[in-house]
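In the form predicted on its own, a lone chain appears below as structure tokens.
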């Protein structure tokens, strides 16, 4: 990117319109501190305009009455357009949130278009109407869109999160108003334009950039039928409370403190690269990061040495530097939080066996990969989500203890098992109270349900389960004696 993108209008109902608000939201690169662009900060009136447009579009039936196969085709076309403009989009996302363009392409574009196509497939395969016979004869069970969706997303993987909100909402036939994180609003406007180009009718989609107050206006709006949120557990708790007061549907994808369980028979040399990557991907700014690595005491030093050797090659630096493998932390506040956790780990008795030096580049918020040993599961760094490239290695004596440590967490979002015995890995995975697990790697599969246990969230995204969370189920009882 060269010149900042200065946007003076809001994308409401599929059109650019003048904002009511006079406030401006400026976006700065976390790598260089340079200005990336600006957008209007949507106020309560702007949110109301967006929701009204969404409600009118929904009530008119312009999208919800479109056959599911046609909705799926539009979503697939949006995925195609994103791929066609992938270079432009990835560069913009990189400038906003600091990941390298290559990481954006892999972790966000590939994943984002993957979920769009998976939701389109789910819409094609879904049984939208079903006949059932029960106590009183025949009923027709129909699935209908929940209505107007308010979506609030985080800054860490904004391209993926945008797709993972738009995909199911639109596949279900809903209208959607999306509030991007204040750090990453520019790509949301571009993506919304792409969906309009793909064939989404007027009124159905809107983007309302802003902070907490904008999000509250969206959550509290009486014409919003469902809130879907991805972000911190603290913010999710507040949103759930507000939705509860209104008896408004909500789904929450929140934080994690996932455990990677290395078994005695694991191929350590083969596992180490993915084991490290799973912990520090996206500079550790990932809710699914495997930041607790549980290792057999007998293999402890071997595993640690292999991880340190790999993590030492993860060079922090500017996103456009081809040598960079770890980009910056998103902002000063988060940088201070991450470095504070590293200090806390040391003060509680853990040993930092690796601290890759952070480069001194301009005003960039860099933290190098850090690996702690001597960690016990009651330490702060083992219990709280750091959201930085920090891994805690925890030793265990037997498999029962490893399972107990993995489950001893307020969170339950992701996890993994590392073993040459796949059946044993599955057996262990079934005993971990978490929404997703991987064997010898970790990824979010677009066609399989994703979500958390405990404080990691409510509900599921992806696949048929993700589509269903945007639907209402209606039963129509036929007359007694009626048969179709």
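Please read all numbers here as calculations on a predicted model, not as lab measurements. Residue numbers count along the first chain shown, from 1.
Although it is not shown, the form predicted together with a small molecule is what the next lines describe.
- If you check the small molecule in the predicted bound form, you find a heavy atom from every one of 156, 385 and 413 within 4.5 Å.
- In the predicted bound form, the small molecule lies farther than 4.5 Å from every heavy atom of residue 328.
- At the 4.5 Å threshold, heavy atoms of residue 216 reach the small molecule in the predicted bound form.
- Using a 4.5 Å cutoff between non-hydrogen atoms, residue 244 does not count as a contact of the small molecule in the predicted bound form.
- Within 4.5 Å of any heavy atom of the small molecule in the predicted bound form lies no heavy atom of residue 118.
- Figure note: of the listed segments 118-126, 140-148, 176-184, 368-376, the one touching the small molecule in the predicted bound form, with heavy atoms no more than 4.5 Å away, is 176-184.
- 287 is the sole member of 307, 395, 287, 72 with a non-hydrogen atom lying within 4.5 angstroms of the small molecule in the predicted bound form.
- Put simply, of 349, 87, 211, 102 only one has a heavy atom within 4.5 Å of the small molecule in the predicted bound form, and it is 211.
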